[in-house]
Structure formats: C-alpha cells, structure tokens
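Here's a solo chain for you in structure tokens, the form predicted on its own.
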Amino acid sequence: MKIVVLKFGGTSVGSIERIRKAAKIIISYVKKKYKVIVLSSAMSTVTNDLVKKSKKISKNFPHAEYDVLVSAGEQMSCPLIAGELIEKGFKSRSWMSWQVPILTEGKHKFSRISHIYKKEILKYLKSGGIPIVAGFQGINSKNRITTIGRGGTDASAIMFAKFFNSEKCIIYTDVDGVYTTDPNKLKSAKKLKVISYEEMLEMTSLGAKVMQPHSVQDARLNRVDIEVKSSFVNKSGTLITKKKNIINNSSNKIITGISSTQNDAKVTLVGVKDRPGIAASIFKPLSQNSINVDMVVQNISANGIETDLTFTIKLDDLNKTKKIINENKNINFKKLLFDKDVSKVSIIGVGMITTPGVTYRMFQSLANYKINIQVISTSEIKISVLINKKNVKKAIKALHSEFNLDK
C-alpha cells in the first residue's frame, strides 16, 4: 500500500476557502494512487482563543482540563475537511485521537506519542477512505485526552509516517519551504532544496518558525524524511533528511542558513566568590523554575578568587531570573547586570565539519561592519554570537554575503 501523510497547519485550514484548497491538494494525491492520511491542526487563531478563555477562568487552570479544551480546535477543522471531500464525491471521515487510538506518555500539555493503533485506519484506507485525523492530541493510560505541545500536529504527522511506513510525509504550511535566513529580514534569502535534521533542528531552536524543534527531533530519531511545502502556491518545497544525504550530495556551500533571535536577555553576575560548585549553585534554582539558560561565559580574575559569570535567557524570564538570583543565599556577588537589547545570530551548516576557517570568516565579516561580539558559543555545525539587537539585519546581510548564500 502506497501511503502518504499530509499535515495541514492552522493557516492552511484557516477559512472555508483554504479548507477547499487543502481538499484539492488531498484529492491530487488520491489521483496519483496514494492512500492518504491527513493530519489537521486547528483553524488559525482558534487555539489561542481557547487558551485565552482558560486564563480568564484561572491563572492555574488544570493541565488535564487545558488539554481537553485546546484539543477542541482540531475537532472543528477535521470534520470540515472531511465534509468538503465528501461533497466532492470522496469517502472520508474525521478521527479524534481516542478513536484511532493514539497513545501518549508524559505530562499533560507536553505528552509524546508512544503508539498508534493501525488496524482501523488501515481497514479504512483499504476501503478507499481518506481519514482526517486530529493532530496535536492523544490519550493517556487513564483514558484522558492529552496534547503534545504547541505545533504538535507536525509531531503527530511524523509519528503517523513512522507507524504506517509512509512513502512521504509532507508538511503543508503558509511558507513554501525553508530559507537560508528569514526573508522578511533579507530579501536575497534563498529557498533551500534540502537541509539535514541537525541543521533544521539548530535553525528552529535559534528562531526559525517553520517547525517546532521537538517535531524535527522526532523526525530525526525516527528517520522520517519531511517535505515542507506551501498550501497556497504550487511550488516544490524543502526536504528535511539525514546528514549523510547532505554531505554526500553537497554543493560548495559551507553554511546552509543563518538564524537570529528576538527575545533574548543577557545576565551578568560581577565579582562572584569563586569556589567549586558555584556555577551549579547559580543554575540549579533557574532549572528548577523551568528557565532555560543558553550561552554561558565565565571570566576568572587573575587572583583566582572572583569570577564574572555571563549567560543568556529568554527575555520573558528576566524578572523571574533576577528575583531568583537575588534571593539565592548560596552565592555571593558584587553586582547583577542585565541587558535586554541583545540578539543571537547564528550560522549553521554541516559543511563546517570538514572546512577550516569558518570561525575566522564569521568574526572578520562582522568586524568589517563594526559589529561587536559580546558572547560566543559553538557546536559541530553551529557558531552563535550575541550582538546588539540594532545590528541584527546588518549582521545577517554581512554573513549571508560572506558565505555565498545570495547565489
């Protein structure tokens, strides 16, 4: 059985006209003799409206009830898609997570799909039906509805592709693929034909909004190739696949893409009394309060007694971070500084693995534009720098040109 999994995001089903367009795409695959499984998100803005309603009820709205509430969005979009297909003469029906069923593990709001029962879906496919399955949701061992994080319909589609061994997994969204950088920030940004899981994971973690990081990680772990396409224009998209495929078929491009963030803050503890375990004493309470620490730099004084510790966090966590540090009785420091006018700019590419001189080229390119680097962090396929927010567009332009991404 030749199966294709199609996922439609919120903007792709955001109106009746867009649902009709999505139905035409589904029908095109049926005509190519595919058995089609559709995963649908809620119509755009619906989930956000439901979240706002929960907050009006309570700031501590129960997580189990939150999952029941926000999963209602997909219950609206799925029957509308199925109804349009039936109107066009095709056999179709909607499936909620408990009807498949889709089993999940983990906490409410952040569950992960552990198993998908295939029997009824396969039976329906063989009968010529087109199942329209609610993404983003599942059920746990207590038979309660769960959700798998915002943007979770991508993860639902990836797991369906894995369990049903589909030939294709296509994510339909409002962009026509993955670009070398944000085209809203640089007009010369180019669409990529192919990108590795690792590169895509870095790009999504560093600000690219095409997919959620955990969905890319699910695809990588389960070796599911994904194609990202637009539901609005009939163009080829971007294939997300394993690193080996990229390296073996790479062009002369060392860097694949450039990402930037918009909501970072820099925190510096000046004159920290240095001792073994001091960094752990600083970061443990932050971790316990779900504050993610990113770039970290430590400068030890010449006498070895004091150190300055700098790290970055999300801007939304700044007030909470200041409060936690000031109330931390396990650390002594002279001054707490913070900077809200910073952004992280990163170059990403598997080509770095085999190419020397990339770090120098990045730093020299920024220096040529008089852009000062505040903090640096690296990995095998990524170099990130923290700079003043006002220089982000200038930095992207410089790096895009330096690594020949304009061509």
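Just so we're on the same page, rigid core means the largest C-alpha set that superposes within 1.5 Å between forms. Don't overthink the numbering: it's just position in the shown sequence, from 1. Note that the structure is predicted; figures quoted are calculated from it, not measured.
What follows is about the form predicted together with adenosine-5'-diphosphate, which we do not show.
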Worksheet item: Since the chain is shown here on its own, which stretch among 6 to 14, 379 to 387, 395 to 403, 20 to 28 would lie within 4.5 Å of adenosine-5'-diphosphate in the predicted bound form, judged by heavy atoms?
Response: 6 to 14
Worksheet item: Of Ile331, Leu318, Val175, Ile324, which one comes within 4.5 Å of adenosine-5'-diphosphate in the predicted bound form, counting heavy atoms only?
Response: Val175
Item to complete: Note which of Lys209, Lys118, Lys273, Lys88 lies within 4.5 Å of adenosine-5'-diphosphate in the predicted bound form, where distance is taken over heavy atoms; exactly one does.
Response: Lys209
Worksheet item: Counting only non-hydrogen atoms and a 4.5 angstroms cut-off, does Asp182 reach adenosine-5'-diphosphate in the predicted bound form?
Response: yes
Worksheet item: Ile226 near adenosine-5'-diphosphate in the predicted bound form, any heavy atom under 4.5 Å?
Response: no
Item to complete: Indicate whether Met203 is a 4.5 Å heavy atom neighbour of adenosine-5'-diphosphate in the predicted bound form.
Response: yes
Worksheet item: Is there a C-alpha shift of 2 Å or more at Ala134 between the shown form and the other one once the rigid core is superposed?
Response: no
Worksheet entry | Core-superposed comparison between the shown form and the other one, Ser346 Cα displacement 2 Å or beyond | yes
Practice prompt. Please say whether, between the shown form and the other one, the C-alpha of Ile258 moves by 2 Å or more once the core is aligned.
Written response: yes
